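Have a look below at one chain only, the form predicted on its own, in structure tokens format.
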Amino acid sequence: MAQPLVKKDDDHDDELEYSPFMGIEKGAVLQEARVFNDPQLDPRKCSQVITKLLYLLNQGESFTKVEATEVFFSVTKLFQSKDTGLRRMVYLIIKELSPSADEVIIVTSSLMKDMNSKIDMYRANAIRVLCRIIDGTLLTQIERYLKQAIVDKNPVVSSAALVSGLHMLKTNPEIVKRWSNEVQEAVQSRAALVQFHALALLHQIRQNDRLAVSKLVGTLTRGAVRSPLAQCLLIRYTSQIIRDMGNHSQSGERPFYDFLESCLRHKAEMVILEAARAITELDGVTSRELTPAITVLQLFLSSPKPVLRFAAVRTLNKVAMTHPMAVTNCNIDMESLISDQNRSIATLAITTLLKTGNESSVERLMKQITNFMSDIADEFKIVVVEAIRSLCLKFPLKYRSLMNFLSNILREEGGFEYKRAIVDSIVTIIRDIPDAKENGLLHLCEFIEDCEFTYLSTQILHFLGIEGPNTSDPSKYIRYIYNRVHLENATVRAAAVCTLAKFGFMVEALKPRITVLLKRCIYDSDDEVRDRATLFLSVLANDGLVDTDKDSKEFLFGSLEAPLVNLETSLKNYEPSEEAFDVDSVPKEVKSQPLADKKSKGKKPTGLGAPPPAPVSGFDAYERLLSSIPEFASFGKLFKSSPPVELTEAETEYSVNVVKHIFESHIVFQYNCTNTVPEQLLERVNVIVDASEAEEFSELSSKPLNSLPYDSPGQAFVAFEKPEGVSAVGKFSNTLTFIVKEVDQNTGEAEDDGVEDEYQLEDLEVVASDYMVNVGVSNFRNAWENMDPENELVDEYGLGPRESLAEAVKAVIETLGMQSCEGTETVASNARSHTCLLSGLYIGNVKVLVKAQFGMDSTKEIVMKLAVRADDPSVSDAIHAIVSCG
């Protein structure tokens, strides 16, 4: 392809770039394409026209059927030219035009002639083009030539055939799998690219046979691979096998680890890096296993090649997230990279040092970062800011210097994402380090004095309203907040009014001053600001608009139980009538749950490349669907719909997953079925459910699926009754029953007679977390304090030995099915204790809050103190029962 030309203007110092394709129009190029029909061909001019056509095609220009056909037939006449350069362009344009089946025949003979030519360049390109444009029928005719090409002495020809095989494996796998012997021979080739492509194709052919892949890797790891590229592929395949086989064999040693370690001594740098990266990414990797990989990466840190320095520091950066102590030996080398000319390397070095440094090195790192920040782009600055936030949480005593650094860069120039990252970091530090609160709030107040981003101003004002009233001197923040009423846009002014009202309600001494300020806001030019000021004046005056102080506190500080998007949808669907809109009718689901896409990997999409219509998903869609079915319409309001649970393997002939719909005294199983066999039509599809291991459930009704054509999803339903308001659990066995009818592939018609058949599905469990909706709260502390302490239930549990606190926290969250609050699901890697805050809505729309305090001793035994508050004391008992049984 022609490259853009650069021309220097004599009258200007700057350089302007000119593109040779500027102003190209499709009509003009199609006119020029008539040169292909000239009796005396001009190879140079023809090549230029083909270049323009290729440019138009790659820019997304569409050709009509007539235009594409005319260009194609004109191009075929260029085969008479003996010019090598023009022939290469002809191959390219034929591939891009992708001629139809009846047009392919025109060039097939010419391409087959070139495939057997004595000129290797013709042979290789002809193979690539033929395999791109022909279908399975023609492929069988040239299969013999392709097998010969795979073992050809010329590496260019051999590679072309192998790469074509990789592409055809997606469309004609049966044919390509017959080439295994030839591909196996090509793996032994001395040519680097041939061995690389052959190994890739052989692995693709055997990928569904785990034993065959294991044998292939076992054979090649004994030293048969010479190509560095192929060696890198082999390392990746080895890593996959290690993951599939589990961490250790019966002898206690990790299988194939010795091979990965030996690759660290390879002469090719790419192989060394690939092996080091593979070792660092092993599941449960130990310090002993990491040591040799860290050693070679440390050597690369001082390499003169920027790409090696970058690859090494990026890998070490990832290791530092899980094994910071293993990387500390590299700190001196990484400190020298802070001044590296490549800013990406410098950024990674800084962030790695922040993760691995000790408390005594914080001050020194801060000085180096201060000089460094002005030289890098915002995207790199964000990475540094996030690393500083983690460092501050790791060393809380250093919060002053780190907070000052964040406040200084907050005043500098920067984009929205960068500023938001800094604000988020300061907020996190304030929440996690109580001593940093007043200092941090003042930094945020100073920032909103000159903040150009409305979103950040409103978020800071909201945060001030929650945290400011609880400080030692709340009055010092009032000036900053009231300034926003005079100096900002309507959105920020409205947020400032809300914040003032929170101060007035929480701090009795400030109420008279706040009332005066709010009265001034009544005359604002914006109606939203005026309305809020009037409303909050009524709340503060306690004039009967709300009943009690508790109601006022809930009104000002309480969180919306339903997500805003659900509230918006419900309001749009509400039809004005005498019956008022009921907020309790808004679905409480945090988000819609999309169904898993289980299409086979090698399958062609139907129609114009579009996937088949998926089953309905999302809480609103489920609710509409179930209410439209007469058998389930009387069950009442849907409480929760679970994510889909897969009941079949990925590559099976029938794909089935199930969604559990929870009602107050019923549960409905929605079985989403897909037929993946083109030659079959399924009728009267039903699921027979055995509930012998779920004694509290009794089957009420089922709704079978009348017809299930190929690749067209459908649903069958089974409904059960359970005790009202009880979180009944149990295991259900499932059997898919149906009538199979053969389908004629030519006519698409199904046979009249069918055969009854059944298909065993995986078991399905209803667990306690199915009765909990994970609804978050914006301010956990206020929500906790607003709940009746009489309903609190506290108990301690031993969770047994665990690898880490994070594992125990994750297990408890999954068991309860609740929403983690304020980022407490994240546990520091070396933490010995942790507190996790959870919230949710239990069946019966009962709000539940949980404080779980974890501790780990030297033997890695985990203990947990669980405090539960709920609107209903019986629900607190139920939560403890779930934990004790789980």
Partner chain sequence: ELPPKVKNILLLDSEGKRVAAKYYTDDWPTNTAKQAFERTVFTKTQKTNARTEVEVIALENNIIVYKFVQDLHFFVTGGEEENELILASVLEGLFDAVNLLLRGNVDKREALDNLDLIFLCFDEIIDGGIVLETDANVIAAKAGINSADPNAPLSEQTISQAFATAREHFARSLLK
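If you're wondering where the values come from, they're calculated on a predicted model, not measured in any experiment. Positions refer to the first chain, counted from 1.
The protein also exists as the form predicted together with the partner chain; that form is not presented, and the subsequent description refers to it.
Heavy atoms of C451 never reach within 4.5 Å of the partner chain in the model of the complex, leaving it off the interface. Taking non-hydrogen atoms only, H834 never approaches the partner chain to within 4.5 angstroms in the model of the complex.
Although the partner is absent from this view, E379 contacts the partner chain in the model of the complex, with a non-hydrogen atom inside 4.5 angstroms. At a distance threshold of 4.5 angstroms between non-hydrogen atoms, K847 is out of contact with the partner chain in the model of the complex. None of L308, L260, L456, C445 but one reaches within 4.5 angstroms of the partner chain in the model of the complex through a heavy atom, and that residue is L308. When the partner chain is considered in the model of the complex, only one residue from N371, S585, N489, T84 comes within 4.5 Å through any heavy atom, namely T84. Heavy atoms within 4.5 Å of the partner chain in the model of the complex are found in one stretch of 121 to 129, 526 to 534, 740 to 748, 636 to 644, which is 121 to 129.
Along 42 to 59, residues R44, Q48, T51, K52, L54, Y55, N58, Q59 each place a heavy atom within 4.5 Å of the partner chain in the model of the complex.
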